[in-house]
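In the block that follows, a single chain appears as structure tokens, in the form predicted alone.
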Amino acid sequence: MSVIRREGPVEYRFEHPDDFRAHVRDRKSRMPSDKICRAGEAVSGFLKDGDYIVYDFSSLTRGPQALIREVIRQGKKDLWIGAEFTLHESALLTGAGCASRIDVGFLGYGNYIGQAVCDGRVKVYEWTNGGLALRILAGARGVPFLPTRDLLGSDNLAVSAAKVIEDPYTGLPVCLVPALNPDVAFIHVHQADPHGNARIFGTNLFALEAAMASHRVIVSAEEIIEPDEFRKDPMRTTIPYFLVDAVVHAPFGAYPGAMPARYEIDLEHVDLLNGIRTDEQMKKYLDENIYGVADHDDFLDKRVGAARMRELRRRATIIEGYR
């Protein structure tokens, strides 16, 4: 196989598959244990400055927003974010000085991030949605790369670490994307048990693959249920317990985004986030909604309120089997 086009001078995260296998073998126990902890304990215990973090959904639907706010509250630094679809959380992490690099398939909220890029506060490396998902899949499968055709002929080849080679079977060009093994995956789910078994109902991008590919996995859950419930219906398990390091009970953990069949998106709060254009506006938001509250429960009590949460629950469409 000959390389037709090499990647440009672009940073990318890569780990030898055998090194990651060794980590899983030595650090991931198959013995069930109680992994329940508070968000502050999970973030301080499993995330360190300079880590690469990934999450499979964004601030609009089933994003791990309670965990993201805790990362900001603790002042983590020099984080590298991998997000197939990212919106407000990238702006908040950048505005708080937590994120220095972002791998992204789709980057919304361009005004604040765009200025941050121009100012040199954050670097953004663009992959397609499919390209970044394939990197996670390669990391989960324990292979160094996976082939794709969706980057061919696009400008992404100049701004990502993808390579183009000659396909040994057809002789045609094919693109390779490197495997990604994040330090920490944040995944918000509908239900989890204390051991870490987790269920997601509805749309799912690559939650299981992210859990399989990552060194450490923090699950936040709307509801904690008994392990026997998973034994009764094992086919509904999205993520098995042995991949998970910490379980955080976080009702409304995706707020202001929606949680399918649980609560709707809070468009008024999203409009507030959309209105952030300057560092002064960012500081005001962070002070009021993150630094000015003790934790997720305090945020819900002081900044959202019981009446608003009831209304968002009322708006959600409940589908049988999602409970």
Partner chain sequence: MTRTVEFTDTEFMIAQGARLMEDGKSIFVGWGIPQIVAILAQKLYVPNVVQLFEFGAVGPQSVLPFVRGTMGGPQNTYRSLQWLNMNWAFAYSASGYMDYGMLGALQVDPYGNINSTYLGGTFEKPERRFAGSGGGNQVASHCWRTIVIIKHEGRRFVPKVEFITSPGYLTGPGAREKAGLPRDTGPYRVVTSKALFGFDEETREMTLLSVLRGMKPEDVVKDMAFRPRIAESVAEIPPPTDDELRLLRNEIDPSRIIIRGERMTATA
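Treat the numbers as computed from the prediction; the structure is a model and nothing was measured. Residue numbers count along the first chain shown, from 1.
What comes next is about the form predicted in complex with the partner chain, which is not displayed.
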Please determine whether each residue of G40, Y52 and R73 possesses a non-hydrogen atom within 4.5 angstroms of the partner chain in the predicted bound form. no
R277 within 4.5 Å of the partner chain in the predicted bound form, heavy atoms: no
In the predicted bound form, is there a heavy atom of the partner chain that lies within 4.5 Å of any heavy atom of L134, even though the partner is absent here? yes
Though only this chain appears here, would N156 touch the partner chain in the predicted bound form if you measure heavy atom gaps against 4.5 Å? yes
Given that the partner is absent here, does A261 sit within 4.5 Å of the partner chain in the predicted bound form, heavy atoms only? yes
Want to guess which of 222 to 230, 73 to 81, 93 to 101, 248 to 256 is within 4.5 Å of the partner chain in the predicted bound form, heavy atoms only? 222 to 230
Would you mind checking 224 to 263 for residues with a heavy atom within 4.5 Å of the partner chain in the predicted bound form? D228, F230, R231, P234, M235, T237, T238, I239, P240, Y241, F242, L243, P260, A261
